[in-house]
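The data below hold one chain only, encoded as structure tokens and taken in the form predicted on its own.
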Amino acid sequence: MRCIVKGGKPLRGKVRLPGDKSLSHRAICFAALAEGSSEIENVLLAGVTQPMLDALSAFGIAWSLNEQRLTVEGKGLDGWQDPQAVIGCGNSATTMRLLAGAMAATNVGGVLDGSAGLRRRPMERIVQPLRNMGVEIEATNGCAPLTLRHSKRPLRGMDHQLAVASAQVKTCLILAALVGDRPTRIFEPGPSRDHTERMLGSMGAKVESNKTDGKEMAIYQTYVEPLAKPLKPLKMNLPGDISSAAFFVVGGLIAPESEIEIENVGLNPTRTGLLDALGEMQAALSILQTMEQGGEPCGCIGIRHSTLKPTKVMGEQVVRMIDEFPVFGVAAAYAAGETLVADAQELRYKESDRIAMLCQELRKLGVEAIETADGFRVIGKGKIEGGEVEAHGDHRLAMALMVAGLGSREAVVVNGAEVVNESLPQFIPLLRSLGAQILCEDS
């Protein structure tokens, strides 16, 4: 699909987003590990979450949907069955890594596979620590497909030191640790998102995270105790996805005379790095009200058009906005001056090499974007001229490039824009509801 975005029109109004992608993945998976019926409101229904739902059926877990209310009939850690075919994870590394941990916890055997893009994502970071715990698991040249076989119980509780802070890897190991012979500790160099700790804690697991001061850097520790009794079912209304909200936030900042409000957005502090970075760029942002749902803080975000200033993002802040860098790069292009991103080499292992592809596509729009080994530099001019770009099969890059057109002088044409359906099928209709001019046609 080819989408043409014409800039110059203000965005006005309110928007409410589907449930958070990270929370949706976890809620679906954890509900299947609980004993009893879980009900999850506002679950995200998209290409990226469908493989997790399909996997539940393959493991013998019943589930049903009524609009955006999901009911899962969990069978606990002893009720999963071996799948009869390969489990397809689509393009979702979250699905693969969470399911690997869930299969280790439930002691089922099977094969996890995915798209060509997913087969390029690094999986040794979960395979080796799971093996150390006693899980029978094999990768293919360090990547998918992953093969798991029945393992001896209990698994070994132990200490893990992660080289890169990763909520997906941490969650995989937490799930396996639920059936360990003693407590497990997971150490990370940065503050990865803590949705798993909050959600499993609400289900009765003892999972605790804290920050300690090491000799050279802060160390983030997660402590997991083996389950003493079954996980309780979930009853949760999921807040909107802050990573999806990011595109509307930046759109409201760069489209002239805009003023919008995004309702009921998750504001977990491990996920709000983009809001902090935009605040440093003097963006007109406000949190209008706050509340809590299922242990997760959330609220409404107000956005007004702003004249942005350049900034620097590095260190711990990178982990707190790791999914938002494509649209942050667009915000940097609309700032006057040089914005620097460092310590973000993990971006090279997403749905695309987001460092290389972001810089390449921004240059097509007349933006000076310079790739570095662990990040990028954008020398913004406070404007974008327009041009034709490619999505490279990356949903976040596609949405970011479409947002770039909201304030551009000439139209921005995005080829391969259908990939936005992977994570937010409502993206284009929601933007149009705010006043954006977007014409889409089959390519």
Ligand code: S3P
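Counting begins at 1, following the sequence as shown. Just so we're clear, the structure is a prediction, and the values are computed from it rather than from any experiment.
There is another form of the same protein, the form predicted together with this ligand; it is not shown, and what comes next is about it.
When this ligand is considered in the model of the complex, S209 lies well away from it, no heavy atom lying within 4.5 Å. With a 4.5 Å cutoff on heavy atoms, R193 counts as touching this ligand in the model of the complex.
Residue contact with this ligand in the model of the complex: A165 places a heavy atom within 4.5 Å of it. This ligand in the model of the complex comes within 4.5 Å of no heavy atom belonging to H392.
The stretch from 276-284, 82-90, 302-310, 316-324 that comes within 4.5 Å of this ligand in the model of the complex, counting heavy atoms only, is 316-324. For the options S352, T94, N264, T272, the one in contact with this ligand in the model of the complex, meaning a heavy atom within 4.5 Å, is T94. Residues K21, S22, R26 are the members of 16-39 with a non-hydrogen atom no more than 4.5 angstroms from this ligand in the model of the complex.
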